[in-house]
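This document starts with two versions of one protein chain, written out as structure tokens and named structure 1 and structure 2.
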Structure 1
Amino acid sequence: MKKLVPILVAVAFSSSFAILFAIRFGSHTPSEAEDYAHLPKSESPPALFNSPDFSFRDQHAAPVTRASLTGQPYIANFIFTTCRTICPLLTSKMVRLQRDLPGLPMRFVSFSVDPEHDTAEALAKYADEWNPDEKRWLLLETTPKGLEAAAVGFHVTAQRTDGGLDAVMHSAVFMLVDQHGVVRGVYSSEEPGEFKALVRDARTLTGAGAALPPVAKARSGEVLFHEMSCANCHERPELAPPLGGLLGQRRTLETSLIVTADDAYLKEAIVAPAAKRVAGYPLMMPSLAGHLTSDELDSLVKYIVALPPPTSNPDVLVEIDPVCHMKVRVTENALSVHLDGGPPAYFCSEWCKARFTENPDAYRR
């Protein structure tokens, strides 16, 4: 089902939002053999609305407009580079789309929703970190006015929250736009079924024929770890837990349950991450069910098990953000405020920190 109602994501995530997300992810029953074949035979997706006019610059400072994009279909999404909550998840999916649609004549367009910080240079660096070889990916530096108009025209939300600082509220959808600039589909980024429908519809629009993408050659654990963006999140301790030396360690889950990381735990973490979420991360692990064969899953787990343990202790303290009540890991980079006469307070985002700083008494227990 395609939804026109945008799914809002606040970077200053509330705990209830995180729970909602977890429930939606949890409703998916993963299967290793999932593929595109069970989807109904593809027909051309219906025209929904005309994309708006816009005029921005891409990460190489080249102008990009509605007109310059006509001639080829594209998949669009909305992100900003300093976001630590939903955007890494969206970008990992954007990269997966690029890999699932290899060599096809189409583009991938990420509109920045943070005109203040996302310069062409910052966007070029971001693209380089996530998928340096993808020439079809344009990341657009926007202007406040241009972004506002584009958001209205695409029927999405992209606005700064009143907290300012890093906090931008934006839609977490992917859009499929055809070669004439007409929007042909709006897909939730959270629903695995919609992700597959998007791949199928995109192939149809390029004339590549419906369903099955070419079967990839078996890939080694190391190749998969980098191709599937694992390193982009897991090499940044503020985003995701370091994976080296994990086997046999005790993990504290969101539910406060403590489990030991064995082989089965690692596999489940990859194909059904919602089942056991590690405590203290504002972001969640994207499910890779249906994107790996069982041999690939085995080699990925073997690769992770052999990774060296991180030099700093990953089993850090977990504190509660006094504003949104999310769990926060007390790492070197954790956001904190230390007021006289009390222990430091830790925050999941700049937004919560700013709320607290304005009026600490309102949040003190």
Structure 2
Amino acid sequence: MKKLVPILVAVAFSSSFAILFAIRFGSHTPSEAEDYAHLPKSESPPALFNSPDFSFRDQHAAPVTRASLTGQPYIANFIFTTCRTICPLLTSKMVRLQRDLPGLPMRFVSFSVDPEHDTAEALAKYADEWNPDEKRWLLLETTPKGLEAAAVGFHVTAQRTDGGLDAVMHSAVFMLVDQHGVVRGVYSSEEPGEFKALVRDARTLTGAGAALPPVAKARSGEVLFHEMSCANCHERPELAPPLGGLLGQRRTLETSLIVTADDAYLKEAIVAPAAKRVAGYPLMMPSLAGHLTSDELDSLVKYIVALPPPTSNPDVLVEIDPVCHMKVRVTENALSVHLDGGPPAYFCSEWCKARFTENPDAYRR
């Protein structure tokens, strides 16, 4: 009799899911990834549809197929490297997923939706800029026909545009695919609750258990700044406003209001970035509400406030941090590492210096 209990539970769950599915879609199967993303989430993610067959090269020019990915679950998204709107946010969240799911037997797969530009070499450079230490991350160089078939199979949009900010219009979802190649969940990239559900479901599929391990201690502002990939956007003036020397500066918002940057403004910008968007930037920063404790938020603001302003002195040499790509003023006290008798590498923080020292080959090309 005891053996029947799990079966009855599974049947009850499947019936409940089928009822909710029917309520939302009636007799029609969802046709778009965004429709699947609106399905109710459960701690036992159901099978939605089979992932399509594909054959592409990754950023190391190694072949990747549907068959080669079987055996381990993976999280997939769809991006292109020259995107100036949604893709930096998607990649930031993909990196955060990698750091929230450390050491688990799974993959992270980013399909390029721009086969004309995103060669394996371009994707390798993109991976180096965002998270070069992550060996589980595969960025796939697609072909026009292969991309078209994969997009249909994954129920996503990937269409070239006639103009505007970006070259491709595409779906902004994450997908969780199990070890058999079956899509078990589609998650909106814009909802914090969806992100948490994705982490939970990924842990479930890998056998790690849905509950997250307890955080050992509060992270410092320096660690948070780099773990949240802040520099990847704020060091690119076409994407986001610079943060160095921000305190006390006046900023013009999209509403034409002018605000002065202080601690309260920075805290609001971190947890509710849509409330006071700076004019002139296409990128919408993701909210970090729910990802930081109160003490961590204070530490992150304190770290940002202390960032030095961009140098205006032509006599001061400026180098690029090889880890986070921030600009570093080469002063007497600048952090640096000398390896193999070559030129020194300079760093914005001890965090970046430590990452480089642990694996310098990952950052030297």
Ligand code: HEC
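Heads up, when I say rigid core I mean the largest set of C-alphas that superpose within 1.5 Å between the two forms. Note that the structure is a prediction, hence the values are computed from the model and not measured. Reference numbering: structure 1, starting with residue 1.
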The form predicted on its own? Structure 2
Please determine whether the C-alpha atom of Pro322 is displaced by 2 Å or more between the two structures following superposition on the rigid core. yes
After fitting the core, Thr65 CA displacement of 2 Å or more between the two structures: no
Superpose on the rigid core, then tell me if the C-alpha of Asn333 is displaced by 2 angstroms or more between the two structures. yes
